[in-house]
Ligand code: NIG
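Next comes just one chain, in structure tokens: the form predicted on its own.
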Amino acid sequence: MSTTIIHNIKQLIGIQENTETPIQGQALANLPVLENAWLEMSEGKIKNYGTMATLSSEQLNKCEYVIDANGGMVGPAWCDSHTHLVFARSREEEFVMRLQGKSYEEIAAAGGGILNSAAVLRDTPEDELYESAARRLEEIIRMGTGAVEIKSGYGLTPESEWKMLRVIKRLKSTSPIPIKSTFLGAHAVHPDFKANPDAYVDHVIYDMLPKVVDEGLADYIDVFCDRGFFTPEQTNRILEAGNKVGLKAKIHANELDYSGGIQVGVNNKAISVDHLECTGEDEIAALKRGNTMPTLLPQTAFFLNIEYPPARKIIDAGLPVALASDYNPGSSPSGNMFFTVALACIHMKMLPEEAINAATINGAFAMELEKNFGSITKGKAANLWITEPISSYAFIPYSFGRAPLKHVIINGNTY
């Protein structure tokens, strides 16, 4: 049985021996670390760790592979619980439209946004979609992501939604990191149903959903519950239909307005409600009534130049928080979780400790992967990143324009 030891670690970050519940409230500011450490991996799992004073030369010599961290930090790989990695092409022309003063809603009304991506995706061969998504997956792994969720939602017709989900299923079968798949047929109303959105809701439930379930194409179901997209009543119908066939909810909520999306998500026992730029006292009260993970996507607020989610208000209310990239072609064309963590600190006033916990163990909870990912825990998957020699883990969000990576470890192997 081969083993690998990483030694000369300045700080081993994110040690958690009890990950039965998410980290919430004031506890988010506690990031357990071990100074001057080593870590042993075997068969793709974290086997042991300790201080350098406890590592004998005999133990090191017996080890088949040795990685010298050379004073770098080692932490659990990022758990990115909200992405749209499968898409046909970029949308930089909309970026220019925003620079010219057009709003998100104005771009969508002009046939841009989600409808733009859907139109292009319908004409894109499945193999081409897979190849481009596989490149993006490779990209985020090399930036330290060790678990990811990917949504459909750029199809909006049965054939195109199923095509996207088949691509995600194919990525699952080839990916070295775990992938959770989410059916987002209700990302926007297809133009053919513009005059009757409720009929499109029926279309999602009765025409798209059955095959998604029959072919095992998704783990979750999602709805964009917001102004100009789907109402709480429509969202509730879709989430209830998904729940009846075994798909738990993970929904887009309150990005553009106080939409009622958080409340309908909590009422449907959603695993997470994501975005949350518009979150007030009523929304926080709803979150406190359930076990739904508030997931914040600061790259979206940055790219769209909109208000950031009130992370401090949510955390100070005693709630947990997860961070995710929202990697997509229209509102967050980056899967760099180091940058996500930096934005959380710079613009949402999260402490480095809070942001790292939110992007690792709480991100794992937002995908129901906490038993095997998201922390330095004996027996969990050895999905890790090793930084260059840096002065402290606060340097990670401080150096916002780069990822100070030396190595990425996936399943115990250098990636």
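The first residue of the shown sequence is 1; numbering continues from there. Just so it is clear, the structure is predicted and the values come from calculations on it, not from any experiment.
The following text describes the form predicted together with ligand NIG, which does not appear among the structures shown.
Note on contacts: among 254, 295, 328, 340, the single residue with a heavy atom within 4.5 Å of ligand NIG in the model of the complex is 328. Out of the listed residues 104, 95, 302, 130, 104 is the one that sits within 4.5 Å of ligand NIG in the model of the complex by at least one heavy atom. Considering ligand NIG in the model of the complex, the lone stretch of 330 to 338, 131 to 139, 279 to 287, 71 to 79 in range is 330 to 338 [heavy atom distance within 4.5 Å]. Contact annotation for residue 91: at least one heavy atom lies within 4.5 Å of ligand NIG in the model of the complex. Contact annotation: residue 250 falls outside 4.5 Å of ligand NIG in the model of the complex, judged by heavy atom distances. Although the partner is absent here, residue 114 lies within 4.5 Å of ligand NIG in the model of the complex, judged by heavy atoms. When ligand NIG is considered in the model of the complex, residue 224 lines it closely, a heavy atom lying within 4.5 Å. Contact residues in stretch 365 to 404 (any heavy atom within 4.5 Å of ligand NIG, taken in the model of the complex) are absent; none meets the cut-off.
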